[in-house]
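One chain follows as structure tokens, the form predicted alone.
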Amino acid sequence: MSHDVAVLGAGMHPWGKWGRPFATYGVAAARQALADAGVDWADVDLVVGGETVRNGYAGYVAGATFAQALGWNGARVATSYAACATGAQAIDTARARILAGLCDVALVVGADTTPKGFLAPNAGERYDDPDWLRFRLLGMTNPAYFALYARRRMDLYGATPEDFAKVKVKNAQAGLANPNARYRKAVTVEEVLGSAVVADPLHLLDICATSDGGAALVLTSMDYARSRGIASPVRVRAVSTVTPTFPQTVIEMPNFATDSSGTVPAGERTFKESIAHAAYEEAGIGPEDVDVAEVYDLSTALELDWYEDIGLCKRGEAERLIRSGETALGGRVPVNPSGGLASFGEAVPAQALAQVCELTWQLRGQAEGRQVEDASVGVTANQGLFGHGSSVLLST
């Protein structure tokens, strides 16, 4: 049985700090996606919205919020939450209903309005909330975690601050050609290393910002796409939303420690390795087939981890890839040709959707100024708090 669904439309509201309600960005992105698909809003029979939940508190009733903002049309609604992987889970919800024959046309939307600075905890005493506890007990902001992962790469594989800086230089160069990117300015290694140290060894320009923004997709059954005369649309071939396997021997945010492998041995793959592996397995495609990737570069060092986690190279070889230019535009497998979070910043419910928008444009040959030549297979990788992994695999 084919698990493919068609991506008929993709749309985005530019990232930035606009100070408007999140629904404004989501509606703008949705209207772009509908126009791109050539689908009328009245023909949408499912709306899936990505929800924001910060530090244990629910954010927005997203599915119904977007449906109302677009004008009630009787569509069914759903709301998904998976922290930073929310958008991929929303895609999976829509895909499941399409494949079950319960829906032909689904609109998937994510949007966010973020606070200034890093994502700090809300007020209140919540001793059963691990995300709140890490701030209260350890003072552990996101950048501090990112620095721990960076230090781990340095200790295990000999990574250097210059390697991390090269990731920022690469992504900033790609972001220059992306009209939806918030930061469109080239930087040098020297400028990255000269920016303020936030959490050693990471500098300000090594870490992504928080942003406002929105992204949307129109997903349909393959039969519906063919009925519209679209014989070869970009297809979602697989969606992975796997959780970790015990024991976890590499720390994951917001946990304070790893599991012990004293009695139960660690598995064949780490959590992050299992995310893309599940998508490859479902689609019958391997990492050797990937032409372009969008990965979750919360920090420059984390992007290097993803090279290995999605199978672009063996463990400990990511530094070789960034030094040789293999993951830059024109390289063997360009990574984050959108500019990544380095150029966009985090807009939590939208960012996994934004990755799929970028790959859709890449596989169509529409990524002007940042196009990966002859791209036919793309993969995303993303991770949210509390064991939310996500990978979406697309092909022509």
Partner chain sequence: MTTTPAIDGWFTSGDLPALLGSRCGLCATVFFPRLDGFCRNPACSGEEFETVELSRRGTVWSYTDAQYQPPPPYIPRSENHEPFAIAAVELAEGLVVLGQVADGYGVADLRVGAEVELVVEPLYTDETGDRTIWRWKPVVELGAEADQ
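Residue numbers count along the first chain shown, from 1. Keep in mind it's a predicted model, so treat the numbers as computed, not measured.
Another form exists, predicted in complex with its partner chain; not displayed. Remarks below refer to it.
Of the candidate stretches 178 to 186, 226 to 234, 97 to 105, 116 to 124, only 116 to 124 contains residues with a heavy atom within 4.5 Å of its partner chain in the model of the complex. For the marked spot (160, 269 and 289), a heavy atom within 4.5 Å of its partner chain in the model of the complex is absent from each of the three residues. Between its partner chain and the residues 285, 278, 144, 84, the one pair within 4.5 Å by heavy atoms in the model of the complex involves 144. In the model of the complex, at least one heavy atom of residue 261 sits within 4.5 Å of a heavy atom of its partner chain. Using a 4.5 Å cutoff between non-hydrogen atoms, residue 255 counts as a contact of its partner chain in the model of the complex. In the model of the complex, at least one heavy atom of residue 198 sits within 4.5 Å of its partner chain. When its partner chain is considered in the model of the complex, residue 133 lines it closely, a heavy atom lying within 4.5 Å. Of the residues in 145 to 171, those that come within 4.5 Å of its partner chain in the model of the complex through at least one heavy atom are, in sequence order, 145, 147, 148, 149, 151, 152, 155, 156.
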